[in-house]
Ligand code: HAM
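We begin with a single chain expressed as structure tokens, specifically the form predicted on its own.
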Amino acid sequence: MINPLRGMKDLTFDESARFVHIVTTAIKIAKRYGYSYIETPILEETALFRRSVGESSDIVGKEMYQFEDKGGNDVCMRPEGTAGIVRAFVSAKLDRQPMKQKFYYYGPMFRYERPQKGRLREFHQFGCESFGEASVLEDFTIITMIGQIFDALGIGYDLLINSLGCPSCMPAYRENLVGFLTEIKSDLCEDCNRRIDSNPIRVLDCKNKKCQTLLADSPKLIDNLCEACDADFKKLTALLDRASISYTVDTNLVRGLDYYNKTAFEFISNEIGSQSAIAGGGRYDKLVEYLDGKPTPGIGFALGIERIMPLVQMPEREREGYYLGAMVPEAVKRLLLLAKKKRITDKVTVEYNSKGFKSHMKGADKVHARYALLIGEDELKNSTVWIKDLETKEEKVLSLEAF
């Protein structure tokens, strides 16, 4: 027997229903905020992620499914969604249009890492990307949208926020941070030592408990923001306060990807073990420019579908559609013609084998049909159909022509 590869799994039965519920709920809410669907390839040039996510990130350094294809191209399976959306945005020359653009997407992502609860090698994300709006009001709006998605799914969460500043804030802060890290580098892990030279702010994202203890007294970027970034962050927190949205300022939250600047945020849950982040994102005002587009502000997020599946409160399944059953073999062909007609507007399940009344009722219950339609000898002779509303329990016999 051939099994799924390690870290990859099938979605079937109840899990697939939960998956569809999450995606349809998120799409419905994203559309209310003006987002439209975008689809990008699973396979991209490796250079896309090296230039956007960053060489110092764990994704690029350790986790990408990267290989050379038969044409000699260096390619990889997408490890995250934002870079591909930005690449598509630039490829379509949307960066040259004056109008703002908003896209939602969902689909599989791939990272080669140790599988564990809440972390797979093939996983699925739903995300949104907003281009062309530099105002912090958009930051507030996108955080509000994520909260509404989780509220609609019945998921509790805590919100963490931080500001990563801008090119005006970063040089002086970087110098202070490197000085601090250099003094304690002998006690930091190997990854942190590597990042001190390549991207010191990423040291703050280290998950090593010893490193986190050592970093407790590190310089905080939020205390070194320029006037504009400080004003934006204060405006964001004021908006969240006014909307009664609870949050915690996490000064070590850097999101682990090189393209973020200014606002960064995570939604976390304490109900899924150590992998507590269920959604995250932030602003990336330079990323379009990094990928050869015209300077365009952007902000986005992604939520992990597999991570939130155990937390989702599924609505009670409603009865819908028709169950068609034959009491005698001769009625099956007539039911197929009836099913063809009804499927223009309704869900229809047809039982191809003739059965007794009780067996058909059990079959109708199993598929959660609203109506059970049966044709027996009398109905076949009289060109009628027996129908029962399985919610109201009302029964009647109708002519096939009328039905």
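Heads up: residue numbers just count along the shown sequence, starting at 1. This one's a predicted model, so the numbers in the text were calculated from it and none came from an experiment.
The next section is about a form of this same protein that is not shown, the form predicted together with the named molecule.
For this session: May I ask you to state whether residue 291 is within 4.5 Å of the named molecule in the predicted bound form, using heavy atom distances?
Result: Outside the cut-off, so no.
For this session: Mark residue 326 yes when one of its heavy atoms lies within 4.5 Å of a heavy atom of the named molecule in the predicted bound form, and no otherwise.
Result: Flag for residue 326 set to no.
Exercise. With the partner left out of view, is residue 280 within 4.5 angstroms of the named molecule in the predicted bound form by any non-hydrogen atom?
Worked result: Yes, residue 280 lies within 4.5 Å of the named molecule in the predicted bound form.
Exercise. Is residue 296 a contact residue for the named molecule in the predicted bound form, using a 4.5 Å heavy atom cut-off?
Worked result: Close contact is absent here: in the predicted bound form, residue 296 is far from the named molecule, nothing within 4.5 Å, heavy atoms only.
Exercise. 165, 200, 300, 84: which sits within 4.5 Å of the named molecule in the predicted bound form by any heavy atom?
Worked result: By the 4.5 Å heavy-atom cutoff, the listed residue in contact is 300.
For this session: State the residue from 220, 255, 194, 235 whose non-hydrogen atoms include one within 4.5 Å of the named molecule in the predicted bound form.
Result: Contact with the named molecule in the predicted bound form is made by 255 alone.
Problem set entry | All of 45, 104 and 131 with a heavy atom within 4.5 Å of the named molecule in the predicted bound form | Zero of three within 4.5 Å in the predicted bound form.
For this session: Heavy atoms, 4.5 Å, the named molecule in the predicted bound form: which of 89-97, 169-177, 280-288, 203-211 makes the cut? Say which one.
Result: Residues of 280-288 come within 4.5 Å of the partner.
For this session: Sequence order please: the residues of 104-118 with a heavy atom within 4.5 Å of the named molecule in the predicted bound form.
Result: The stretch 104-118, when checked against the named molecule in the predicted bound form, contributes 105, 111, 113, 118 at the 4.5 Å heavy-atom cut-off.
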